[in-house]
Structures are given as C-alpha cells and as structure tokens.
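The data below hold one chain only, encoded as structure tokens and taken in the form predicted on its own.
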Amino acid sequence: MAIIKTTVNDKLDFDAAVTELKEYFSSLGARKGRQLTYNVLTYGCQLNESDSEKLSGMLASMGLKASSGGELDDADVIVFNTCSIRENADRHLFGNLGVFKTLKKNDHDVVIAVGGCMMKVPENVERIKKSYPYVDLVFDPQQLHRFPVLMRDAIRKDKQLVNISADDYIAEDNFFPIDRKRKFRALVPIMYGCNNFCTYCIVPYARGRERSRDINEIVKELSELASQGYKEVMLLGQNVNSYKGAGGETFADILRAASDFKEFSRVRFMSSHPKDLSDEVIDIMATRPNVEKHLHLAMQSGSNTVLKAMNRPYTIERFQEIVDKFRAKVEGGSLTTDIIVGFPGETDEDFEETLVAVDKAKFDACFTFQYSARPGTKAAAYENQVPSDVVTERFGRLTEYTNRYAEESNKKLVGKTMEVLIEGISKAGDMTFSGRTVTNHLVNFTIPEELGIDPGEDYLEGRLCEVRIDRARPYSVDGILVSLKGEEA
C-alpha cells in the first residue's frame, strides 16, 4: 500500500463536485418544495466522530441541512459511518439498512451511502452488493476526501458505486469543511492508521498504515480553534502517541504546542499505546496545567502469554512500570484502560493474572470487552476459542473488580470542590448538568436557586465552574455548583 498526500488537483475535483451537487440538490429541492436534509449516523470511536463532522460539513456545503426529525429515514441523504471493532456495530448497520428498502422504492431520489471501517472488510462489501443493492455508494475511510466526487458519480450513473482503495491517503483537515458538533470541544486528528497489527484488531486493515499530519498544519488548526473560542481540544489518533512528523517531531511536541494555547482550558488525547508512551509526555502532563491529568492506556490482558498471543509488544511488568511512573509524577492523575476477556487460549490462570494486574494498577475506570472474532484478523482463525459461557462468567467477575476500583476512585472526590468544564445538560435531566474534571471524572451537578444563575444550556456549555462533590457512584459523582469561573471559561 502507498501513502499518498492529496494535491491541488484533488481539491479542485472536490470543489467542482460540491458545486455540481449543490446545484443538483437545489433543483431537486425546488421540485419537492423544500430544502433537502441529511443525516449522518456514526458508529465507533472519536476518530469516526471526527470523520462524521467532516461528512456533515461537506453535506452542508452542498446546500443540505441537518435533519431534525430524529428518525433514521427522515432525510434525503443518509450516510452510515461504520465501525468494525465490535460485532454489535455490524448488527446495528445491517439491521438499520433494511429499513431503507421501502424508502428507496418510494423515493428513488433518496441517497444512501455507507462508509467507515466496516467497508474495508470484503465480506461486508459483498453483503451490501448482494443484499442491499439500493445503497448508492460504498466507500472506505481513506476515501473521505473524495466523498463529494464519489457521491456525484453515483448520482450521475444512477447505480451502486463501490470505491474501496488499496492506498492510504492523508488529507490535511483544512481540506474539508467541518461541522463541529460541540461548541466548546474540538476533535483534532493528528495521525491516522496503525502499524501494530494486534491479532484481534481490524484497525490496521481498515484505517491503513500510520501516517502523521504536518505539525505546522496541526498548529495552524489549533490556532484557528483558539481564536474561535474553543475551550477544549482532543488530539486523536489510532495510537496518538505514535505520531511521527516529517521533521522528526514526536507526540510530545504536539502536546506541548497544543498546551501553549492558553485559550484552551483542557488539552486531551486518545488513545495511547504502552509501547510509545514517553517519559517526556508524562512530564508534560505533570507540569502543564491545561493538559488533562488523565491517561488512557490499554492493558488488554494481565497475562504475558496472552499479551504475546495478542501481539502486544510489552510485558505486564513493563506496563506496571509505566503505571507507577505516571502515578508518581502526575499528582492526582487518573488512569483508565481497556481489557479484553476471553481471548483465544486464555486459561483460568491467565485470567487470574489479569485480576492481579487490575489489583496492582487500581485503574480509575476500565472499559471491559468480551472477545469477539473479527473477520480478517489472525485471532479469528485461532482454534483455541474460549467457550462463550466461560467468557461471560469471567467478564462478570472482572466487571465486579473494575467497578469496585472505579467507585473507590470516585469516593476520593467526595467532600472536595473540583473545577469542572461544563458539557451541557445531564442525561439525568431535571436541570441537572454534567461536566468533567481535569482528571476526566464525570460530574453531574445541580444549581442552587440562591446563586441566581441562568441555567440555560447554551449559556453554561463550555464554562468552567467549581462543584462541591457530595456523592459517589460507580461511574460518576454528584455535586452542587458553588460558582462559575469568569465570564468565559
């Protein structure tokens, strides 16, 4: 596979396709007597969310408006941005696609496109070709910069267009119009792809080989975001600390450059690989006040035997060394992780070693997953698959362990007054708001009437505040607003 940078001609083709589609949708809307709408359905990680912001920006530039109906089938252009990491994402996609057969039959002008990581799995593409011929466009993540061109071509030809590339493209984010979904938080991919080839993971096949954006373009984007009033940036990559700039720059250089913008109250990053986490990055986390004191570091297993079978290039002893270093240097920092249960060949002894590793690391939160074979990965062909009932039993035991430590971490906050970046109205409703501390603890809080604060979500979103924590839950804490900090966060 080749890594190809987009050119001026790519941008000219992009702009020409957008202009043609804008005219097409305007004419179609005039015939229907309304402005046409779009709906982008996103599955998966923050990088997929970032891609969807670009898809939304492109669709808006074509003269379409976001659908407000909330239903899958209430838009004129529907784009599925898929994820291939978990099996349930596959079920969601194919379950939802069936809804559109009647819609497409009743209104041939509706455009249905499917992109994202699932489209790099040949079996999924063949299934769409065979069972969902009414899908107009199938494309992969590497083709994001060609989305308007591909959609124009599919509409012109009036038949299904499948475009899956063997090349890995890198288009700087200023190539795209971006419709950012949160007014205070900006997602900033700094690199794409993965070279690790963990035996359970489809990402290197779906997202391609590692390729890093130019540091000058990243800093330019950060500067623009700071001037636009964004209070939080999240630096993204499949393995974000694997960043390698053309001039020898490292992830530490990117993290330092982002934190230099004092307009940002928080600088976050996801996701880190243990093999690439440097002491320099930990030092920056410890000393820069606007760098989040939270590290997400995927352990995956506490057994060296299983880690080797997973092709994870570290031992559990090395992992614990990193944990100890982070705990020692980053005062009050929080540590979260991913763990897979039931990887092929995992024995009772291997699983017990994972429980011991959790006891040692005392993670502030764990994201635990039952192993599911992903087509195209090496582990899917392993013969020593663990029986599902054994996996389920181990998963339940691990969840009890991790929940205990998560609640203990939250209990340490009770009685403290914490700085919180407000994200909006909580899912709990009833004018309860939510936000996160600099250690990424989720805080739900109420506003006492005597403070006389306008509780409007638009007014509070993105503000920094002080919250007194009075209750701990397994996954969050509750509190009461003490004060807002300044007119702007």
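Counting begins at 1, following the sequence as shown. All figures in this text were calculated on a predicted structure; none of them were measured in a lab.
The form predicted in complex with a small molecule is left out here; the points below concern that form.
Three-residue candidate spot Thr37, Val79 and Ile155; no residue lies within 4.5 angstroms of the small molecule in the predicted bound form by any non-hydrogen atom. In the predicted bound form, Arg312 approaches the small molecule with a heavy atom inside 4.5 Å. Of the heavy atoms in Arg374, some are within 4.5 Å of the small molecule in the predicted bound form.
By the criterion of a heavy atom within 4.5 Å, Thr336 is excluded from the residues contacting the small molecule in the predicted bound form. When contacts are judged by a 4.5 Å heavy atom cut-off, Tyr230 does not count as touching the small molecule in the predicted bound form. Residue in contact with the small molecule in the predicted bound form (any heavy atom within 4.5 Å), chosen from Asn163, Ser272, Ser409, Gln160: Ser272. This chain appears without its partner; in the predicted bound form, the one residue of Tyr134, Phe264, Phe369, Phe326 with a heavy atom within 4.5 Å of the small molecule is Phe369. Proximity to the small molecule in the predicted bound form, taken as heavy atoms within 4.5 Å, picks out 200-208 from the listed stretches 181-189, 243-251, 200-208, 385-393.
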